[in-house]
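Read the single chain below, which is given as structure tokens and is the form predicted alone.
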Amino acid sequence: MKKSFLLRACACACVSLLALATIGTATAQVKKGKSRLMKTEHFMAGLIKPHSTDLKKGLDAGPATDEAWHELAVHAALLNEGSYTLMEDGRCPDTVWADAASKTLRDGSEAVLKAIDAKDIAAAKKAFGEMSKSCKACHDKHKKKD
């Protein structure tokens, strides 16, 4: 009886330690990749947020020149590329992150870029709205609450 209890207690302790180790690893991967120096917060502040903000402003203003359309295309293309970086170097900790980065952000920015190439402002705005859902989904789970 004592032996059985001790075996179960040891098994529970091992499972608990394994779960804690896994949780710790997932959190570290959100904050920083495994081998690259850039922290995720730096990537968000330096690429995702400014390009998303400028893309929204440009779409809201309505591009009036070929140069303005080109600028919007650059923002959408960089957001699309960023979706790949968010999935590399062990950054992706779970399916929420994977869905937001590799599906919603990637597919959405691709749709925005295609609409921009077609100079279809209504379609670009609609696609941007869909793409923006990636931010909320991921931030709800992973962004530190202040």
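Nothing here was measured: the structure is a model prediction, and the numbers come from that model. Note that residue numbering begins at 1 and tracks the sequence as displayed.
The discussion below concerns the form predicted in complex with a small molecule, not included here.
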query	finding
Partner-contacting position among K49, H70, K57, K119 - heavy atom within 4.5 Å of the small molecule in the predicted bound form	K49
Proximity of A45 to the small molecule in the predicted bound form, heavy atoms at 4.5 Å	yes
4.5 Å heavy atom contact, R36 and the small molecule in the predicted bound form	no
Any non-hydrogen atom of T40 within 4.5 angstroms of the small molecule in the predicted bound form	yes
Contact flag, A100 vs the small molecule in the predicted bound form, heavy atom cut 4.5 Å	yes
